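Next up: just one chain, as structure tokens, the form predicted alone.
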């Protein structure tokens, strides 16, 4: 595996592969890798000639500077995991390589930066107004900003994302469509720990006891999946609230059952062809999200 830190070096290296007619698969991450990320690398390997993984803790998608500062950074361990998994290239740029000072200043001033769309009108509309978008204003603009930059640098045929960030996946698909990027977005299943907790880099900040307490999140979601055919939306919401409240350390931020395409909350399952149950829960200073596809 080759580790590259600069945009120009990466472009030069990938152009040599493109000239050989090789396809490129891309897995963008923020590091603190776990087996969920490795499953994305494996999926990329199965569908691409060359696999690129990026590790970049993106400052423009964090609303809370403390959250940014505390985000785990484990580049040496991550590099070893990627090499063992058969990743071909690790791209791990510094912030200055990805952002100009003017872009970072806009973030510091909490002003929305649309320069990443390169003059094209991009509007995520209602996709970005619910759930994570409602709780974290500006978050998805920051996500789109960095992913669009990475896509233009790597220019992959396919990019691989985990379904745990279901709303983010919808935003990225919308961005790719609106910017006419010739990239296929591949969604990969959530990988879970033995107790059902969805694997996340943030899990590293949990104590052993907190990890076990947080398993109530997935248990609640699995109950919803088992019962949605015989209970209505309001009954299921009450069930989840009760399940989470049974664990005093957990604080429910939101739970919604939404249309899997529009992400708009459902009042009846007859409103959608496909529905997903999405949840965000705080435990101590750690915020966890999860979801399960209902139908």
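This one's a predicted model, so the numbers in the text were calculated from it and none came from an experiment. Numbering follows the first chain given and starts at 1.
There is another form of this protein, the form predicted in complex with a small molecule, and it is not shown here; the text below is about that form.
By the criterion of a heavy atom within 4.5 Å, residue 266 is excluded from the residues contacting the small molecule in the predicted bound form.
Taking the partner from the other structure, the small molecule in the predicted bound form has a heavy atom within 4.5 Å of a heavy atom of residue 147. Contact annotation for residue 213: none of its heavy atoms lies within 4.5 Å of the small molecule in the predicted bound form. When contacts are judged by a 4.5 Å heavy atom cut-off, residue 203 does not count as touching the small molecule in the predicted bound form. Among 141, 168, 218, 79, the residue placing a heavy atom within 4.5 Å of the small molecule in the predicted bound form is 168. Judged by heavy atoms within 4.5 Å of the small molecule in the predicted bound form, the contact stretch among the candidates 29 to 37, 222 to 230, 253 to 261, 235 to 243 is 29 to 37.
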